[in-house]
Structure formats: structure tokens, C-alpha cells
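We begin with a single chain expressed as C-alpha cells, specifically the form predicted alone.
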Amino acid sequence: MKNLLEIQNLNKTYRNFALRDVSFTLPEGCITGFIGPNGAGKTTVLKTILGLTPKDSGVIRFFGRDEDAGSRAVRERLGVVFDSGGFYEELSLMEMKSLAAAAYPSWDEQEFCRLLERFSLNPRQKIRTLSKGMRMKYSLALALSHRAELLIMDEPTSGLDPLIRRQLLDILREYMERGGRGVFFSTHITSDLDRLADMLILIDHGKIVFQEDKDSLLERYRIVKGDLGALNDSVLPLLSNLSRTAFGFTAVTDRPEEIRRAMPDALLERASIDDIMLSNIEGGKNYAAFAD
């Protein structure tokens, strides 16, 4: 399996924030979810690897090439969907398409028209009249109509109603069925990733916390519920994101078998991607911050 994108020791510094030695890979055949709290650096990473913000240092390699996203050879194989859109507001959908299509020799007009019809988009409608959901559909139609091998998406389902979100997710599944492709999907709506993602990358305070198979994470992590009296110095290091009430405690663990032995009466439940994220970011992963 080849890598569609390789990032090695990417650094970018602002006055109050920095990406620090960010490294990860995106293999073909995978939908990779990019998660983290607000301000963790998700959008900064995406803009930097796309060349919209200059990097300070590091290696960015698309499709095994030492070329950046602005090169023609790479640009033709990328599809980019950002929340902001970046369209000329006074143009119609068809007029904006004509500008975009001119940049791609592999543009597929039949596929573009099929997607407009599927998304119920009127090609004569002005972009300024589109709702947020319609804009996102239009962005995706453009990105998918030049046979891109890698889709890079920043919060594509943010603010959309459940029906439109489901339509977008269905399109992405169909896109991946053709093989040899990948999706890099930044979002704070982790339920979408639960349905769709193969791999998860977590970033916090500008540093990568983990890159791991989603199903392996969901298999390993558990919510733990039990009586306060069961908490002791030997159990606390096994727990994260610990909260206590008068009725008991709730926490997260990635060592469920040890918890079962140490606390046989505790209840263990399936953890969500949100639970896993919160247990690994600064504060949540430190049980001592919650133990007093």
C-alpha cells in the first residue's frame, strides 16, 4: 500500500501558537479523520500542507513526489474542500465551474453534471444565494469532477443538517469504492468519523498525539463506572478523564483487562471517539488533575 501524503517534522510558529514536529502518513485506501479540540492546529496543518501558509521547516511529500501542493503534477491529483469555499460570489455555479475546469486536463463534465443533479443544485444559480449546505455540496462536486486521488477536507459537515451530512458521507463512501484513493477529513463532529473513518489522527497543542486504526482504538478504550470506594492509588493510574459525583465515578481507560481484575464490580461500556479524544488531550489524560 503506497502513501498518498507523507509529513515529516512539520513546524510552523506564530506568536501564540506553534506546530511542533508534526509527522504522519496517509495511505491509499483509507479515510483518515483528523481530530482535536478547537485551536489544536487542525486547520493550520491543512493550510500548511496545501501551501496556503508557508512552513518554517519539515518535509511534505504528495504521491511520493518531493513537490508541493502548488505544482501542476500534484494539484491535478488533489481535491480540496474547505468550509470557506473561496468562490466568486457573483458568478453562477456553471460560470465558476468553467474557471475551475480550465485548471484540470482530466476534468469530467459528465460527472460534474451528474453530481449537480444528485445534489439538486441549479447550474444557473448565483453562488451568493447558496446556503451553507449547498456551498459544501458544490465544493465537493468540483473536487470530485477532476478524478482527484486524494481529498483534503476541512470541517465539511460543520453546521449542516443530518440529511445533508448523510448525503456527503454517502458520496465519500462511493468515492473510495473506486480504489487507489484517500480522504483526509478534519472535523469536530466525531459521529461522522465513527461511521466513515478507517484511521484517526489526534492533534493537541500543535503536536500529534497518535495516529491509529479507528477500530483498534474503539476496541481498546472503555468507559468505566463504579463506586467511589473502589478508587485507590493502584487504580488511578489506569484511568483518565475522571469525574466524581456523590453517586460514584466515571472515567476512561485503555487497559480494560487490568480494570476488570482490580475492580470486578465496575461497569465497562464502549467508549466513543469523543471519549478517546478527551482522555488523550492535555488535562484529560492526567488523572491527577481530577483526583482531588
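Start at 1 with the first residue shown and count on from there. The structure presented is a predicted model; accordingly, all values stated were derived computationally and were not measured.
Just so you know, the form predicted together with adenosine-5'-triphosphate exists too; it's not on screen, but the next bit is about it.
Student: Heavy atom within 4.5 Å of adenosine-5'-triphosphate in the model of the complex: which of H188, K207, R135, R114 fits that? Just give me the one.
Tutor: For this set of options, the contacting one is H188.
Student: Might G39 be said to contact adenosine-5'-triphosphate in the model of the complex, defining contact as any heavy atom within 4.5 Å?
Tutor: Yes - in the model of the complex, heavy atoms of G39 and adenosine-5'-triphosphate come within 4.5 Å of each other.
Student: Test of understanding: in the model of the complex, would E155 fall inside 4.5 Å of adenosine-5'-triphosphate by heavy atoms?
Tutor: Yes, E155 lies within 4.5 Å of adenosine-5'-triphosphate in the model of the complex.
Student: Indicate whether T43 is a 4.5 Å heavy atom neighbour of adenosine-5'-triphosphate in the model of the complex.
Tutor: Judged by the heavy-atom cut-off of 4.5 Å, T43 is in contact with adenosine-5'-triphosphate in the model of the complex.
Student: Using a 4.5 Å heavy atom cut-off, which stretch among 55-63, 223-231, 31-39, 236-244 contacts adenosine-5'-triphosphate in the model of the complex?
Tutor: It is the stretch 31-39.
Student: So which residues in 14-33, when you check adenosine-5'-triphosphate in the model of the complex, have a heavy atom no farther than 4.5 Å from it?
Tutor: Read in sequence order, the residues that approach adenosine-5'-triphosphate (within 4.5 Å, in the model of the complex) are Y14, F17.
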